[in-house]
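Single chain ahead, written as structure tokens, the form predicted on its own.
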Amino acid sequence: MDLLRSEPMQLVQLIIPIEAAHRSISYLGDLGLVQFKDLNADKSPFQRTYATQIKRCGEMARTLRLFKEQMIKAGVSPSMQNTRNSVIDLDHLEVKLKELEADLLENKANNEKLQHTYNELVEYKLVLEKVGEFFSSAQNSAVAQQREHDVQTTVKGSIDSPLLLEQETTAFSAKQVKLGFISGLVPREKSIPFERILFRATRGNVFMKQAVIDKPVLDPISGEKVDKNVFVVFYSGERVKSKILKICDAFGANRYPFSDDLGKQFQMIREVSGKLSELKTTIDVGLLHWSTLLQSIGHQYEQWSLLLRREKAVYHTLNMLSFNVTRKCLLAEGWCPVFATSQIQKVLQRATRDCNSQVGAIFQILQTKESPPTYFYTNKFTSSFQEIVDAYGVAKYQEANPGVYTIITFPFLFAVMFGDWGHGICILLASLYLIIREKKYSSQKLGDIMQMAFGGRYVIAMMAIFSIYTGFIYNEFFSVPFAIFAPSAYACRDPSCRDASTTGLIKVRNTYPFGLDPVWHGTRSELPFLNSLKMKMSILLGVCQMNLGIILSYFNAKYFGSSIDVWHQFVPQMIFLNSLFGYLSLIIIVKWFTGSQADLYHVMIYMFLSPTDDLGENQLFVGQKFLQLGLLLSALVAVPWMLLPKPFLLKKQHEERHQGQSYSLVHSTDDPIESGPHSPHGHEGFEFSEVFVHQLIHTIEFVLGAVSNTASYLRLWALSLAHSELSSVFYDKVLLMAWEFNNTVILIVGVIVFICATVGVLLLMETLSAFLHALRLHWVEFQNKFYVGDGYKFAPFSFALLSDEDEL
């Protein structure tokens, strides 16, 4: 299993007996190394063989979703208890789910009816209490008024009182009409409009009394807690009564009967209280049964859900197979790795034995010109780096995989821009925390940003390790240098030179053994020195990586047996790139070793403008002028070398390949199948103009890209400088400035601001920025030299790829 090139794939055909089909596909799903082709693409989902079984699975999935909704409402979480203790068949599961659903729905309906009755009785009790209090207070008030009236009549009455007054009183009592009344509850927010509408509809011929209920009550209809008021409306006449009833219905007011007889009131209150007590007990028992039922479902929910997802996936795969009615077998075609041949054969044999089938499954390899899928065998470390490459494009079958080199080059280029071993340690600790707790986080649902960070935890760890390495080279720990490996090689000649410039420094020891000498920090020549160093280093790294990309194009051409690409693409590209920028890298290294003062800008510019002029003081070595002339001529020759030969050679190769194929046997023309478009004698036409234009575009792209891509690597210098300067600003202008005030409060505030700025800007924003720039360097500058990326991923049928988020 090689990560440099994708696994060798083969197209296979499986002939499976109908009785062993389900078990065979299920075992292949456990193996997860076969990608099936859909042989029924012209059929709709309802016309396929196993549409009925998929419909059954859909119905069972609906039942499981119902169970999950009820468990969420009840606060019951699915557990993995008894998941592997029992094996259940799909038919038994269907029967069991139907029974449980019927039991659950019946229990739910009964509970809802009981709860509805209970809520009505609670409201009825409140009406009895509140309206009873109103009637009691009104009756007491009437009795007091009657007594007062009787006393006044006794005191004022005499034998001289006229008899006519007694007759009027008797006549008035006879004319009194008994009023009717309606009582109930109305939502508090509707009580004022309710009263207003009653007054207007009856033209004021009603008397309404309301009482506020302190606590919210459960509404019998909606089942939600609502603030309500108890009301009683007195009226006269049937027409007024009908209007009041309609208004009550419109405002959602629940009406309840009430008796003005005190004895009947107490009797009704006792009856309602007794019924409430009985209903409460019954509801509690029903809820206990409902909770017990949901808990029993929760213990097996994960097992049932997994089984249903597996069965549904198996039947979907079976629907991709061709059904042979005559031979009573299923025909399957698909891709699999070559190394999995023996494993697949063993799985098919085991499925045949387990089903007691008389006929075994047939496994045979098919020859095809179809491009196979791309399959790289990765682990949890290499998969995240492979995803970086696949995000640009999936590798063509068997072409060189840049993911192998990305494991090293990606974090290294990131670290060149991010180099600070203090910041690197912080990122490393964060990535190690994710790696240590990966078992816990892998089974949890994380947010989008957290999921991305967790998925790339090994990439982040590698970036942090390389950042620590480049931080030691730059000698920066939160922008502060340390003499870790040895004392500085330089010292001041006298105290006046300290922190001013490097003019007064003299070399008193051996050169600092690793990285940048700490004495450079804070001097006036620090920035020009670091600019020159990092800019030249960026060019060297860029030329090296681009050369690696071109070398990989050679290995691709060699592997696919394309000598044209070797001699007319790889060779001229190497000559052109290294004649210009390879030479630039050479003179940079020579200047470092010799300590020359030559101006490299001048050398490269006048190499093109005046190649025959003397170099003068810019000459780095003997024979440099003639070498430049030779390299310039080589670069000029390489351009037509890339452009012209390849299209003509491809045309010649095409003519030789199809020479004589236009002739055919006389009798072959009578066969409509052989004379069709798929005839072996037919071939595609060769468009020379199309090939030439494509090669012209490719040549122009490479020539211009050689310049622009080299300049693009200068982002390594720019971002490294920006990161260093930002870190230095936060340290000097925040932390040290707060320290100089000699105030504890200011120091604490300064430390907090420094930490927030470091984490927010340098550890988050700068990390993301450097990551994106490193990504661009790999996708554009590196991969476009050799990577085609027009393949498609190997997507095997595997139960391991079924996640909890897959739709049931």
Partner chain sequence: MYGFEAMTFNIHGGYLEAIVRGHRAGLLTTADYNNLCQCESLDDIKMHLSATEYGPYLQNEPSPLHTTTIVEKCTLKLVDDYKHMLCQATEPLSTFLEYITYGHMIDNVVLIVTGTLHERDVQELLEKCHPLGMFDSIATLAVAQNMRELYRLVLVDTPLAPYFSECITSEDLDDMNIEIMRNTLYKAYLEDFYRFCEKLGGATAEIMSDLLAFEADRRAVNITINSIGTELTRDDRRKLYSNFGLLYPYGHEELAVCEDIDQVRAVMEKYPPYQSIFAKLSYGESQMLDKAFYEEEVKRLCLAFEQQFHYAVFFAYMRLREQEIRNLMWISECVAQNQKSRVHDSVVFIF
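The structure displayed is predicted, hence computed values, not measured ones. Between two forms, the rigid core is the largest collection of C-alphas that superpose within 1.5 Å. Numbering follows the first chain given and starts at 1.
The same protein has a further form, the form predicted in complex with the partner chain, not shown here; the description that follows concerns it.
With respect to the partner chain in the predicted complex, the three residues Q47, R65 and I197 uniformly fall within 4.5 angstroms at the level of their nearest heavy atom.
For the partner chain in the predicted complex, the listed stretch (239 to 247, 447 to 455, 424 to 432, 704 to 712) containing residues with heavy atoms inside 4.5 Å is 239 to 247. Interface residue remark: K346 is not counted as part of the site for the partner chain in the predicted complex, having no heavy atom within 4.5 Å. In the predicted complex, at least one heavy atom of R203 sits within 4.5 Å of the partner chain. Shown alone here, F251 lies within 4.5 Å of the partner chain in the predicted complex, counting heavy atoms only. By the criterion of a heavy atom within 4.5 Å, E59 is counted among the residues contacting the partner chain in the predicted complex.
Comment: the partner chain is not present in this chain, but in the predicted complex one of L31, V749, V761, A51 has a heavy atom within 4.5 Å of it, namely A51.
A movement of the C-alpha atom of S242 reaching 2 angstroms or beyond is seen between the shown form and the other one when the two forms are aligned on their rigid core.
After superposition on the rigid core, displacement of the C-alpha of R196 between the shown form and the other one amounts to 2 Å or more.
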